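The chain below stands alone and is given as structure tokens, in the form predicted on its own.
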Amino acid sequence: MNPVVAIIGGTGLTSLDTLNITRRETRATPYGDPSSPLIWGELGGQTVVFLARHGQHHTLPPHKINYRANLWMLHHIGVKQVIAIAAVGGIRADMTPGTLAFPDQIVDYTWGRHCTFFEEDLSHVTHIDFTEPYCGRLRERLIQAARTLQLDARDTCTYAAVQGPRLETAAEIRRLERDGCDIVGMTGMPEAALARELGLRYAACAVVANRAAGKAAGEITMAEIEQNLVESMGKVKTLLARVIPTLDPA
């Protein structure tokens, strides 16, 4: 049976303990090794696949993730829908630590990453429409589930995808803010575009782990980020348990 959805877990979500695991699977791809084995399981009566974006032990930095292998593998096993979990910094005033956000737009500041499947042995040049980078139907399911659960969530925002792995300077955050960005993360691209190239319905649930550089007094520490994520990932798991039973079969 094809999974109804794939969940890509980011920083703070390298495993999903609410998943009733049925098997683990390692697959090769034409693009190299994926970040982690696929974890198949059942959640809310639905077949679900989980993939740890940064690896099982969180060892892959954002610019070293094999996004093409990850997305190709999910598509190859028959996945049609992807919910991507990602930790982000909050730029907009209401993007405080612990907030969930469901971006509807993205600005790509990354560089040097393998960002397309359409680059070799082509019969013609291929362009995808990326006007709306996230699946509206899947986003709406996430938003409705968050509202039902009365979670602190934002249903519209623009995600700035930056290179990493370092955090940003205060001046860079001011620039992103001038560009209209509300949250900042390091893994949103090329993941979203690759999903579109494969025809996957893709939506993101961003978890604000910290105020972005210059938006709060003092230094941003990994201890602060990790503590906020520990507290927030319980909300994410509750959200997934609520939304997955409502998804259409793949």
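One rule holds for the numbers: they count along the sequence shown, beginning at 1. None of these values were measured; they are calculated from a predicted model.
As for the form predicted in complex with hypoxanthine (HPA), it is not shown, yet the points below apply to it.
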Among the candidate stretches 74-82, 115-123, 88-96, 138-146, which one is within 4.5 Å of hypoxanthine (HPA) in the predicted complex when only heavy atoms are counted?
88-96
May I ask you to state whether L167 is within 4.5 Å of hypoxanthine (HPA) in the predicted complex, using heavy atom distances?
yes
Is there any non-hydrogen atom of N70 lying within 4.5 Å of hypoxanthine (HPA) in the predicted complex?
no
Should A204 be counted as a contact of hypoxanthine (HPA) in the predicted complex, where contact means heavy atoms within 4.5 Å?
no
Is A101 close to hypoxanthine (HPA) in the predicted complex, meaning a heavy atom pair under 4.5 Å apart or at it?
no
Of these, L194, C181, V48, M186, which has a heavy atom no more than 4.5 Å from hypoxanthine (HPA) in the predicted complex?
M186
Heavy atom within 4.5 Å of hypoxanthine (HPA) in the predicted complex: which of I65, I225, L200, L43 fits that? Just give me the one.
I225
Which residues within 121-141 place at least one heavy atom within 4.5 Å of hypoxanthine (HPA) in the predicted complex?
none
